[in-house]
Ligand SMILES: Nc1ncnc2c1ncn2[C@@H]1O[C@H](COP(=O)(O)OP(=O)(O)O)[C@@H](O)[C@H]1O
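Just one chain is shown here, as structure tokens, and it is the form predicted on its own.
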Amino acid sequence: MFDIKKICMIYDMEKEEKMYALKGFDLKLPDKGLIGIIGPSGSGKSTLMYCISTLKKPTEGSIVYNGRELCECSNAQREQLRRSEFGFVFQKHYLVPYMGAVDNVMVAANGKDKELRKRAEDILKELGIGEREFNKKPAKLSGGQCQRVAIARAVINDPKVIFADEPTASLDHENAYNVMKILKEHSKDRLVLVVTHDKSILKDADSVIEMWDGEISVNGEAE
């Protein structure tokens, strides 16, 4: 699905001493499965995910997604790709504070008809959010519930790829386990990329990419 060549991200380009977040490596990613990207702070793992997902454009290199060179796409084309084929889950849920749970899921939906609203409600139910919570605003939901609403928002358009950046970092152990269980289920027929510093949440990953100082140090099956 993704064929990445010589990807390089340089910050502080105008300075004499540049900072290399990604140092020009190659990487291939499959069509489906749960793939972990792990490393300490500053290793480049989040930068890699942002480049793959078109949220950032690398300084150099090539990112081919299903035969399409993402680095050559216009901003409008990248935005359309994110809306139609990509889903996002972040450490902070970024829910709209004045909207209820269902409406927060509908924010990302490609359309606003009754059928899509029914789909949003069905997804929330699958994730353990009951009808009593449908109209509750984020402030009235627990941290785990908010993150599950964020996952529902990420999958509402049935994306081919889900990008999750530290999705469990702000959750307790039980809620972290539940979030990873949900993502693992979706990885059966989608590609799910999980960026984290916590290797313990990747015990069910199909493979783990370990990063260090802007480079891949290990790329193999999860232990």
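Numbers follow the displayed sequence, beginning with 1. The shown structure was predicted, so the numbers you read here are calculated from the model rather than taken from an experiment.
The form predicted together with this ligand exists for this protein as well; it is not shown, and the discussion that follows is about that form.
message = Against this ligand in the predicted bound form, would residue 61 count as a contact residue? Criterion: heavy atoms within 4.5 Å.
response = So residue 61 does not count as contacting this ligand.
ask   = Might residue 42 be said to contact this ligand in the predicted bound form, defining contact as any heavy atom within 4.5 Å?
value = Answer yes; at least one heavy atom of residue 42 falls within 4.5 Å of this ligand in the predicted bound form.
ask   = Would residue 12 count as touching this ligand in the predicted bound form under a 4.5 Å heavy atom rule?
value = Looking in the predicted bound form, residue contacts with this ligand include residue 12, since a heavy atom lies within 4.5 Å.
ask   = Is the gap between residue 47 and this ligand in the predicted bound form 4.5 Å or less for some heavy atom pair?
value = Residue 47: yes, in contact with this ligand in the predicted bound form.
task = Spot the stretch among 181-189, 33-41, 64-72, 152-160 with residues whose non-hydrogen atoms come within 4.5 Å of this ligand in the predicted bound form.
result = Checking each option against the 4.5 Å cut-off leaves 33-41.
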